[in-house]
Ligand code: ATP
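Okay, here we've got a single chain as structure tokens, the form predicted on its own, with questions on binding and movement later.
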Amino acid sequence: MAEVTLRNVSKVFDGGKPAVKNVNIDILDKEFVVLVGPSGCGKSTTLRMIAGLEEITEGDIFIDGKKVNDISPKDRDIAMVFQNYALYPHMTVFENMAFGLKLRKFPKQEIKTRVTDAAKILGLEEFLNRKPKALSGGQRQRVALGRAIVRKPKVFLFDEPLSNLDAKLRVQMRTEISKLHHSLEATMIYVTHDQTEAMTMGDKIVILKDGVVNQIDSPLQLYNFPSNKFVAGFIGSPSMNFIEGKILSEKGINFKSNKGSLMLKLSSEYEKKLSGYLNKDIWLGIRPEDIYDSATTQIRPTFNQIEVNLEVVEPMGNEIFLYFPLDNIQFTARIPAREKPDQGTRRQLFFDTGKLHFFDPQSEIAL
């Protein structure tokens, strides 16, 4: 397989609006890297530039150490799996999977061997003589995967391949693609807007916003140590809660929200980190799972309890989401489903002050 390197890659479309700005990414051999971000962030454009389907405005792309800026897509030794499968409706599954090899004049026996081997990996052996219209969405996506596998490319590229599938099939196909990555030991680059796909599949995640890379890291590092407020809010479901306030020094260091709905006594470890923000505005972030219900948790806090009004209580089976206002901002807590609190009641909650995140109000960089 191969390494893929992007150096100062930018893309400006007609009209002068930049879609991708100065992107630098190092993708290692056999690594599974996910490009993720909201719609319009430049992730698909970046993937298409790697594939050669989109011209680069500035910068360089290297595959296996070779600069490929001016090399056509068919000569880059990559295979791409698209969102809409892109299967030929008049061809059988076998013919669809074999088509690229026939164009490259592979011997018939090698084509048969490669297609048969790929069909075994993907569980498509009994469908080789069927046409795409006789297959389910998940089976069609496996055929598209098989067409890529038979090529034995240096790099696999996936452009939101699961977005047309229902929720159950998406989970199943996520697992199949992850198993495929391990069995093929392939370099894979995967584009999605779904942060759950990114967190569960990627060895490394690249988070983009407005064409700019905001952070590149492993899933757990992104989750625990987001580089800025955007990354913190994008990764995690439900997303991180944010509230603006000030850092005060009153018998220790404290956070007080602007309208006074939240007052937290912080541990001494925050003093050095936040010393430059005394009496200044600051953003506080906390994940829903780090807010506990004092009536049901095993933990017994000594301070930082707050009383809230539960506007919505949402049972999810193995857990419950609690929605409540603080400073007229809706907060979410995520608690185990031991006891379902009643909607509209008052409840004592407390914040795990060891899991707080703070962000500069201007730059939104994590402190």
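What you see is a predicted model; the values in this text were computed from it and never measured. We number the residues from 1 along the sequence you see.
Another form exists, predicted in complex with this ligand; not displayed. Remarks below refer to it.
Site status: open, since this ligand, placed by superposing the C-alphas around its site in the model of the complex, has no atom within 2.4 Å of backbone or C-beta atoms. Taking Gly40, Pro315, Pro325, Pro336 one by one, only a single residue has any non-hydrogen atom within 4.5 Å of this ligand in the model of the complex, and it is Gly40. Proximity to this ligand in the model of the complex, taken as a non-hydrogen atom within 4.5 angstroms, holds for one residue of Asp290, Asp293, Glu160, Asp217, which is Glu160.
Among heavy atoms of Ile25, none comes within 4.5 Å of this ligand in the model of the complex.
Although the partner is absent here, Leu356 lies well away from this ligand in the model of the complex, with no heavy atom inside 4.5 Å. Contact annotation: this ligand lies within 4.5 Å of heavy atoms from the stretch 41-49 in the model of the complex, the single such stretch among 41-49, 325-333, 59-67, 338-346. Residues of 11-36 lying near this ligand in the model of the complex, listed in sequence order, are Phe13, Ala19, the criterion being any heavy atom within 4.5 Å.
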